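A lone chain, given as structure tokens: the form predicted alone.
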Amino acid sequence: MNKQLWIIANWKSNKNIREALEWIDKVGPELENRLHVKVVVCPAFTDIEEVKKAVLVGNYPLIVGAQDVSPFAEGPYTGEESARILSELVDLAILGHFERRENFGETDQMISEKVQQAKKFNITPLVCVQGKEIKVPEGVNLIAYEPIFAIGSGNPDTPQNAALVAQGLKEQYGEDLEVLYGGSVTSDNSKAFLQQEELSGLLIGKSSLDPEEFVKIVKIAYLI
């Protein structure tokens, strides 16, 4: 039996609604219903609703996620997106990405609060860690190992080292932990990462913006 794999597109702060829908039109028809592969797209907040509609209309096997959730419940929190509101549109949220830690000063405590909010409204939290020293919040079963040097640099970690980091994280937090790899993933190197027994998929940034490149990676996952 094939192992469970996640292939997650993180668009970051890219694509307006028209560009997002063009991506869905190209990627959606190429996807297949494969029980062992979960394909997720995490658009900008402004795109989420229209992307969700397009996925439902096309009946595509594509999960819609968010790139963040608020650490607060609903209320007087200008600019924040609460988990309850997002839960009508998304099933997963990327939390604790290094870019948010670095650019917005997110702390382990804040990320833990975001995890609690996500779980309260049945949004799967995907927590990003930069190494074994980063704390994984309680109740998290899905994480992405993203070494800082590999994010957007074109210089990925080796599949073997990524697997060692994943093994260490599982020893620390439990064998049921699913560990993805992220950082300069391409269709050329994705197979080597996906073949590592300790890794359960990929979090893809820049390469996910190109629909053809993203489809190539998904189709590689189908064969693992």
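When you see a residue number, it is the position in the sequence shown, counting from 1. Keep in mind that this is a model prediction, so the values were computed, not measured.
In what follows, reference is made to the form predicted together with 2-phosphoglycolic acid, a form of this protein that is not presented.
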Counting any non-hydrogen atom inside 4.5 Å, which residue from Leu199, Val39, Val51, Val185 sits next to 2-phosphoglycolic acid in the predicted complex? Val185
Contacting member of Leu92, Leu142, Ile134, Ala150, with respect to 2-phosphoglycolic acid in the predicted complex [4.5 Å, heavy atom]: Ala150
Tell me which of 57-65, 190-198, 177-185, 23-31 has residues with heavy atoms within 4.5 angstroms of 2-phosphoglycolic acid in the predicted complex? 177-185
Contact test in the predicted complex: Glu99 vs 2-phosphoglycolic acid, heavy atoms, 4.5 Å: yes
Closest heavy atom of Lys216 to 2-phosphoglycolic acid in the predicted complex, within 4.5 Å or not? no
In the predicted complex, Lys12 touching 2-phosphoglycolic acid (heavy atom, 4.5 Å): yes
Residues of 175-212 having any heavy atom within 4.5 Å of 2-phosphoglycolic acid in the predicted complex, listed in sequence order: Gly183, Ser184, Val185, Leu203, Ile204, Gly205, Lys206
